[in-house]
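Consider the single chain below, provided in structure tokens and representing the form predicted alone.
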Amino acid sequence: MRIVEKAGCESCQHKCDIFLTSKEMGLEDSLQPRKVAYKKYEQICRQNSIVTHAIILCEGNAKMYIEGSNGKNIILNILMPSNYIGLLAVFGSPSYSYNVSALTPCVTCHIGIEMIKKLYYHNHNYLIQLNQAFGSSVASIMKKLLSLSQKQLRGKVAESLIYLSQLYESHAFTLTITRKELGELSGISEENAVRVLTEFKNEGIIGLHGKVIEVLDMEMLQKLSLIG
């Protein structure tokens, strides 16, 4: 981790809700954002550590995951630019309940959590926006828990491939996660993830070209995900 510079919100391409709200309230000079760069695989935040800043992912991809026993982790989400990290502190939890680490070189913007709380409690529109973001995050985790508890191997991998296709907005995408991490995203072992991918390839459901996955039969993937 290294601090790149004090972030310049006016020149930032993302124009996040934090900046727009603070500008509306005349508080933009109080933000004092910092840009921080992380190398691939570097930890952005750690499970059980205290939340001191709201973190916005500006560049790169990161994974949000929970550490399990015996080194078995569960990946909850793949984070893309403009995603928030650290919303829970606004809603009453002072520490992270998950880890976030960089899948690719990442740049993040850090803004003090007390400033976020000030905007949240004094601006109705921002309160609604943050509640919606938090609600969406919780709904995604609930869906993940349902999948892990009820679906079989093929259904889990099918759901993960649909998720990644939607995330990258393409039927053909380059994986920024390893086969092991695909297993962690699906709640199965690396060996089972590789086996199911091979089955899907042999059945003409997907194409595999190194790290590039091409969804050839989205309708079948959706059916497999639905029936579990």
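The first residue of the shown sequence is 1; numbering continues from there. The structure displayed is predicted, hence computed values, not measured ones.
The form predicted in complex with the DNA is left out here; the points below concern that form.
Stretch-level contact check against the DNA in the predicted bound form with heavy atoms at 4.5 Å: of 45-53, 176-184, 163-171, 58-66, the positive one is 176-184.
The DNA is not shown here, and in the predicted bound form it never comes within 4.5 Å of any heavy atom of Ala37.
Among residues of the shown chain, Lys72 is one whose heavy atoms approach the DNA to within 4.5 Å in the predicted bound form.
In the predicted bound form, the DNA lies farther than 4.5 Å from every heavy atom of Leu145. At least one heavy atom of Glu191 is located within 4.5 Å of the DNA in the predicted bound form. Just one of Asn123, Gln129, Gln152, Ser95 comes within 4.5 Å of the DNA in the predicted bound form, counting any heavy atom, and that one is Gln152. Residues of 203-225 placing a heavy atom within 4.5 Å of the DNA in the predicted bound form: Lys211 alone.
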